[in-house]
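Shown next as structure tokens: one chain only, the form predicted on its own.
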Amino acid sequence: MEKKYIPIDLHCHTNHSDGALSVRDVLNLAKQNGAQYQAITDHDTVDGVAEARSIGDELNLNIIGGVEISVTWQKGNLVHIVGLGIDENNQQLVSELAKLRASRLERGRRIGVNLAKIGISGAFEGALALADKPESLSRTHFNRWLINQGYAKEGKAFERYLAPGKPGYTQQTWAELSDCVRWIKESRGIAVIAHPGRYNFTRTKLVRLIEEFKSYGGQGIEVISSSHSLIEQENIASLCTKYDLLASCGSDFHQADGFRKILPGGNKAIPLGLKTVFPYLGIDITQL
């Protein structure tokens, strides 16, 4: 019988980056939701992975080491690449991620200045207060602050203030796509294009990203994501087949009351006929 849901979540955030919950709280929630395999993929850091492995042992929960790396691709497009099955102790990976995180605070200051120009004062300080670590400051923290202060409704602050072309946006140079894929592969991981439906790319542009990503050794793409509509899911599944990519799935969970509706711990099953990342992560889907 075809499965409708699977106890696997390969994209999830904690307060080591821009998630609202601690590693323990995220894993407890995942366990409550029936998880058997749970990845921790914080933005530009692997700081929570060792803690997750320890807690996972307590909960009888299989932990997949991961990271979500910020990439600047072709004329300033921000894309995210998830690394799955990584060695979180790989020194090259740890060092390069530290460089990326060091730039987050300065970007946050620029966002604060931009918002102040349109009459929204105190945004930098407010967003910083929501970040557990200054170097983890992200647009998600500004998003949360703007909603808390009543400047936007849930799920609308990005498109109104923080997306490219909007008042609070500021250009930032992140990792090169080629470097990002190399760091993941050299840390024994699998590189996966995260939530491709979120980028608002034309199909032609998304194909260019996929082809370049594959040329560097990238292997996977998220077909199932809380960001994807059914139409986007079907489109990405077709690209997955056409370009011989491995399909992945993830909640992209940040907080329990967020606009992303998939909670950590499980996802809709990946459509039949697609090759998946599961065997490369030691997951035997037939046993779940």
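Counting begins at 1, following the sequence as shown. Treat the numbers as computed from the prediction; the structure is a model and nothing was measured.
FYI, the form predicted together with a small molecule isn't displayed, but the following is about it.
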Looking at 145, 158, 183, 73, which is the one with a non-hydrogen atom within 4.5 Å of the small molecule in the model of the complex? 158
With heavy atoms only and a cut-off of 4.5 Å, decide whether residue 31 touches the small molecule in the model of the complex. no
Using a 4.5 angstroms cut-off on non-hydrogen atoms, would residue 187 count as touching the small molecule in the model of the complex? no
Partner proximity in the model of the complex: residue 140 to the small molecule, non-hydrogen atom cutoff 4.5 Å: yes
Just to confirm, residue 9 within 4.5 Å of the small molecule in the model of the complex by heavy atoms? no
What I'd like checked is whether 80, 107 and 198 together line the small molecule in the model of the complex, meaning each has a non-hydrogen atom within 4.5 Å of it. yes
Only one of 206-214, 131-139, 113-121, 89-97 gets a heavy atom within 4.5 Å of the small molecule in the model of the complex; which is it? 131-139
